[in-house]
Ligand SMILES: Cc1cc2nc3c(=O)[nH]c(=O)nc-3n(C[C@H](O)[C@H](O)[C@H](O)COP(=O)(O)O)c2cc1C
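Next comes just one chain, in structure tokens: the form predicted alone.
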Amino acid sequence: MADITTKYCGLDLKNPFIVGSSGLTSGVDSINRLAKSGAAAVVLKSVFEEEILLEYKQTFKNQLGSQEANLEFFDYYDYQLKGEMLENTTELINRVKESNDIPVIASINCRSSAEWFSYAKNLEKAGADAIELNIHRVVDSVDESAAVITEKYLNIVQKVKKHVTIPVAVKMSPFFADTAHMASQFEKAGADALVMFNRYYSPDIDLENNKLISAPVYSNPGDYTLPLRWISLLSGKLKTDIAASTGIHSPESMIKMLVAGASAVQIVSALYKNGPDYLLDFSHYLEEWMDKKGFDTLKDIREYGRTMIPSNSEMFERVQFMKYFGKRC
């Protein structure tokens, strides 16, 4: 029978199926059900730096009163908010570990290095098996260059790595002009794994009610081709592990990610749509496919995938494009 165990971000996993950061991983009951259905690990719902900033603004507006000019109160309030978040996350980690033996990956969605390196250390003390850093931000300043933004990203990774001993993964954006170089830079900064890619909130416009609204939050089945491209290009060039994320709605797209070179896959939208037991379909399909192909381990799958990667990917893409779209009508 096929061996579907894998190693990702320094963690030994019973299979490559990780439930990504989402509402599905915000409570112990939901996580317990995911573990029962076969999840190999969970990434907890992110702690957002913006949550603290928004809480600040609300408090400033409605509650400060005589404390409006008290800087010591600001420091105390910041400490209290982070303390409450840490307490809640610590309780969740403890309860999950009491019920299951799956690794728990804590997620931090941070905009700046600030004190988040110390927060990461506290999450390690709380029992997290790894940290996932979600560090991309939308920059609307016309004066802030890509070089400055990149330096901030790398600074966050380096600071966190200096303060924790557990593995650290970086959830990357797909919007870098130099995606391959940035992946290499994150690896050099100490990242133990990369997640390709993050899925972001996108705005839409409600023309009837004249207001901004959220675009659809679920990924689409066709979205998997973007991470598939970059994982196939970089898996043989980087030493760090890569997890595939975004658009993995079917067992077939999951296997394609493993063939491309991913060590693990993060699944969210498919579980929202089909329920936690859908993980069982992924597991059964993978085992049956491996047996059919004669593969014993996931390493065999990745080696099989390397035989398909062209030596000159840029030329390959240009030739394929001309082949399909270069003919005149």
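Since the model is a prediction, treat every value here as computed from it, not as a measurement. The numbering used is simple: start at 1 and walk along the sequence shown.
Another form, the form predicted together with this ligand, is not on view; read the next lines as being about it.
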| item | value |
| --- | --- |
| Answer range among 89-97, 142-150, 194-202, 158-166 for contact with this ligand, defined in the predicted bound form as heavy atoms within 4.5 Å | 194-202 |
| 4.5 Å heavy atom contact with this ligand in the predicted bound form for all of Ser22, Asn134 and Gly247 | yes |
| Residue among Ile301, Ile267, Ala264, Ala40 with a heavy atom within 4.5 Å of this ligand in the predicted bound form | Ile267 |
| Candidate from Thr179, Gln185, Asn122, Ser219 lying within 4.5 Å of this ligand in the predicted bound form - any heavy atom | Ser219 |
| Interface membership of Tyr272, this ligand in the predicted bound form, 4.5 Å heavy atom rule | yes |
| Partner contact for Ser30 in the predicted bound form: this ligand, 4.5 angstroms, heavy atom | no |
| Contact flag, Ser283 vs this ligand in the predicted bound form, heavy atom cut 4.5 Å | no |
